[in-house]
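We've got the same protein chain twice here, in two forms, each standing alone as structure tokens: structure 1 and structure 2.
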Structure 1
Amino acid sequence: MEARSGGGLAPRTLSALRESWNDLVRLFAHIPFGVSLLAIWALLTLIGVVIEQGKDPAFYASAYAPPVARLIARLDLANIYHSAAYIGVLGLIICSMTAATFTKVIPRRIPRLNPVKVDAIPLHATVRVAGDAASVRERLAAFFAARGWQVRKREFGGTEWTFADKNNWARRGVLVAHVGFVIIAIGTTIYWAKGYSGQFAVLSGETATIPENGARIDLERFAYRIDPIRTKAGVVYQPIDYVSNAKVTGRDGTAHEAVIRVNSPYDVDGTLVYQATYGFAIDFKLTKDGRPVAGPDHLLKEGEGFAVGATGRAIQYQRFVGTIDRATGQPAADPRPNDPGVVVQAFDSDRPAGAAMIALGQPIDLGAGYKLEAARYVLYSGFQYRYDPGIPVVGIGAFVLLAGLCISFYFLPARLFVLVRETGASTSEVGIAATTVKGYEVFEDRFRDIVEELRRTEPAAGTTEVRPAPVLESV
């Protein structure tokens, strides 16, 4: 109220604000702007595909030239899909789509019935037929209706127009597609807000707990099957099956038998547990001058390590070798444990000090009286778990998006503008123009067919016989 009665500055500010807002909406609704946002999205996605994601800085330092590695670190390109830029551009795309939908798509897609200048429309034709204007209009209405067109008549300034629409409903296809995209965005946001995921590894015979929901997984056994297959390039060892047999205890407190394999996860209270990976945990024994000393306090998985007494040295278990070739002492192609061993890396004050492959059960000398033995291996199973309450919403969004795409692409809304003028006693001229939501070219063949059929079925000007239009296959 104050702003209105005060006059002067406030209304002007208001209208300036409104003008800026309108400018902003216009910018966002502009297709080239929206497509530029899509291009930025594509570019960020490409960066994410090319640069391996989620590794630690040391990886980039070793994999890329120093300036590139620095750039990756500075711009956070190692975690691009969760970066502010990525999420921001998706947000902007949704804003742009919304602005376009309300200011362009809806008004353009659902236009009012208006007269047009027939000759000025690229798709137009004139057909001279027998009959006075009123009867010709009636026949034309029947002609279009019989071919599946929705016919409407309107009078403008005393002139009667006939409008024929096909697939008018499909004008909303774009809206459906845009809404689908927004629903998917909502679904993924639900996961971010409420979902969780993680991973854990359990040794055969041990137990793990999912921290978020307290579910317990007792891994009874993990087994794999790897088959040697003879191919043209020689024998390859092809993984055939990985399976974890476990007892899973959820909220109900009862332990349920679970067989978890790739492609068949186990559902515990809505959280899905997946077979993700496996490995060989090693029981390392450390001795000094022949007597056992404190080494690692648990079986080590690949990548884990331990300090060797107070020597300043450390040992890292790098990888498991299924078969050490007896003749060469090198790893053989067979990944299955036949004559197994491990590769360990020694560090001296954090600096690499050499790697060695040691066969299981055969100690190696670490110097200063220390000996290390990889005594035995235990298979462990790596699981992923995920709780994603957004999935049904994403599913609905995907369906809606797909439906929108199909409606937009396969049902072309077209409108015919038909104007009948009497040109003499019992002769009329029919002007027809056509528009579609996708321009004119896409409709040209059909338009030609319609006009030709009209010429064939309508009595030519000058004839007196008036034939009813035959019902043909709809266009």
Structure 2
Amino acid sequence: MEARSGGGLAPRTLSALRESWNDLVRLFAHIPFGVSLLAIWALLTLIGVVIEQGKDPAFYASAYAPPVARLIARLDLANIYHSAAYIGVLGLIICSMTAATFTKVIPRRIPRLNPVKVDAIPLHATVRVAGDAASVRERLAAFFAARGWQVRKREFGGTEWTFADKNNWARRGVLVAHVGFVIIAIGTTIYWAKGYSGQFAVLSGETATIPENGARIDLERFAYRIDPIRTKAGVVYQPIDYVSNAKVTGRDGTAHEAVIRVNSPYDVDGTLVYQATYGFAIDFKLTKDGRPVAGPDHLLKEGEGFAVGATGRAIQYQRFVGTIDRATGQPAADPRPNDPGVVVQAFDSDRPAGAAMIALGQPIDLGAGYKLEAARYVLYSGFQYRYDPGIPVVGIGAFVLLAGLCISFYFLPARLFVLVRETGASTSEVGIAATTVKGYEVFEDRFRDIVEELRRTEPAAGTTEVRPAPVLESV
């Protein structure tokens, strides 16, 4: 009894496991479940776009409110593209697509050769021809083969069916598109696993290092060009070009001359360095009662600031003004440094205490004996860099995806179901039905032409009944 009981337990366990597996597959193949995964993926991607990635904790502490900064640190939102949650959601999306492909797409797009009820299909016709069933089948096979149809015969329950397919290979277009998406996902995963990106700024005459690969960028000279363009609204000053002349040192330790400009990145050891922006760094001088005191320890870029001694006040450099209109004392439209100045914002503790515009070389009084002077400006160049080893894979995936979409949209796979029955000693009845992957209406005219051509080609043995459906409510 125990042996029989134990022997019965294994089949029940296997049956339960099989049912659980089938439930899991049905869950992953369920369209709302797949859409939910895509929504979660989109949300995580949006977080990665909104929150700058790969910065130091101090950056987030200064850029965000304390609760938000703590949330970013605890949930590792600053490294979201490499997080287990992000990679896990991508894996689940691929599993969902795989389940949907094999349980829904393949059975629908590549159906098996099975008999049908001909007159139950909206596109169907009945033709009476002369000849016994065997000879009629052979003539029909030759008729369709001569017109480019793939002909196959199958026998079901002693009844022989003829199946004719046109563009049957195109049924796999959706599968090709799915494969393309998977290849793209693999390429992006390679980037998240091994790639990196970032940005940095270099003052003219100084050097910066890309931390991920140690490449050094020595900016020798930065030049830009702004041309005035006259429009109906007035003169507009449009940046035409900005170029960085630099020496770049890669793994080989040799400095190479490089010209980096917009839309023309420089490749250093597989990492592309892009010219992104530029600006004016200011050398601020702080004095108290006419004597120099400790101010900023480096040239400040837009957005940076420094404390004013022990006063509890701070100064932030907001923006560079290329030309000051001496008549009004306000910034002029021309951004080129003809008569330059800077706009600074004063803070008392955390409260704004007023803003002022300082002409270069002309100190302003900050109170309590302090004076601030914008002594000079130095052009700096802003670079972005990116190393993406998955780009070739993504390119292949995009090509495969496009090919699959083109196959799906521009080719129409159709299948004809043909059944021949003998109705007398020398006559047979041919029943024909047609289906496509895009419904019946798109194939209605073509089906009518096929039946009419068949009627003209085959020896008639009576009337011909053709009933293609017009507009189908059931499709």
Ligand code: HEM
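Counting starts at 1 with the first residue of structure 1 and goes up one by one along its sequence. Between two forms, the rigid core is the largest collection of C-alphas that superpose within 1.5 Å. Worth saying up front: this structure is predicted, and the values here are computed from it rather than measured.
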task = Working through the pair one at a time, identify the form predicted in complex with ligand HEM and give its number.
result = 1
Core fit, then Cys406 C-alpha moves 2 Å or more between structures 1 and 2 = no
inquiry  = Does Tyr86 shift between structures 1 and 2 by 2 angstroms or more at the C-alpha, the core having been superposed?
reply    = yes
request  = Could you check whether the CA atom of Arg230 moves 2 Å or more between structures 1 and 2, using the rigid core for the fit?
outcome  = no
ask   = In Å, how large is the CA movement of Ala73 between structures 1 and 2 relative to the superposed rigid core?
value = 13.7
query = What is the C-alpha shift for Leu27 between structures 1 and 2, rigid core superposed, to one decimal in Å?
reply = 4.4
